[in-house]
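Just one chain is shown here, as structure tokens, and it is the form predicted alone.
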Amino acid sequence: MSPAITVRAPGKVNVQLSVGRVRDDGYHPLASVFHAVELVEEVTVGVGEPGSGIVIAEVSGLQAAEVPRDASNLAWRAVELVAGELGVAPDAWIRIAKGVPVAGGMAGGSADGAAALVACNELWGGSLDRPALAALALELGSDVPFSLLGGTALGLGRGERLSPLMVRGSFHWVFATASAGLSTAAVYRTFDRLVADRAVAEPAVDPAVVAALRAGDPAALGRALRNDLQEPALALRPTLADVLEAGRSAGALGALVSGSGPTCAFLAADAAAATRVAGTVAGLEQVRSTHVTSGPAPGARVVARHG
């Protein structure tokens, strides 16, 4: 086997996502509290034959058939970026083992990109430090820098200005995926339409969220969960409201649409409560699959070296 590196990177939930009015450059200012969870992507990058270019050799695991295998895949683009930065030929093969739902607002694609950045840096000499990798991550997308960092963090700007937050203990989560995805661009357009005639405050972190995380208090965090993209997501997919209500009725301490959706996230008191919530929402026709997990989880890290 040619030399290869396997890197694991986490999915995430935004326990707070505050969105400001769209700027002239087309971006929305954000204040987001990212929380990495133990639903992970594993990306292996290996040295290809000279002149072979980039090949996504295999995608396995959750919804593997829905993952692109061309230059639109963030892992592919990460290989190109690192190769360009280090001045090496981008001859590499990629294998992706998926554990994060596709197109669910949980940054599975971003995790692939972050994992590939770390894998390529290790594969080709490890000369890029974390700030350099974070700069490349931002070129891939606004969520990719957090996939590198992991844990729990406040993100400002487009989400790329990250400050780690202290968290006590673990939080237990259920994620319910939907049978069809939602376009992130469409959700933001709907947000812009809905707030057109409203006063929109400058995004800021909620002290109640930070306090609940520091205290390790799931009940307090459940009360403080907030996502400004939930209203537009529900406007585009009204049946998600039924999923959220079913989870709350089953004992979830808090429920919200994850990111731009359509995955719904439920915070539970403990692992047993999470299992009960998952069992309830799994029976809904709007729900494709459920996933019980916990957080926070570490960011992109090498888990194996081959060859």
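All figures in this text were calculated on a predicted structure; none of them were measured in a lab. Residue numbers run from 1 along the displayed sequence.
Only in words, not in the display: the form predicted together with a small molecule, which the text now covers.
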Item to check | 4.5 Å heavy atom contact, Ser170 to the small molecule in the predicted complex | outcome: no
Next on the checklist: Taking the small molecule as it sits in the predicted complex, is Pro232 near enough to touch it, meaning that at least one heavy atom pair lies within 4.5 angstroms?
Outcome noted: no
Checklist entry - Though only this chain appears here, would Gly141 touch the small molecule in the predicted complex if you measure heavy atom gaps against 4.5 Å? => result yes
Next on the checklist: Whether Leu30 contacts the small molecule in the predicted complex should be assessed with a 4.5 Å heavy atom distance threshold; does it?
Outcome noted: yes
Next on the checklist: Among the candidate stretches 82-90, 178-186, 196-204, 209-217, which one is within 4.5 Å of the small molecule in the predicted complex when only heavy atoms are counted?
Outcome noted: 178-186
Checklist outcome for this item: As a check of understanding, the residue in Arg158, Arg226, Arg95, Arg130 with any heavy atom within 4.5 Å of the small molecule in the predicted complex should be identified as Arg158
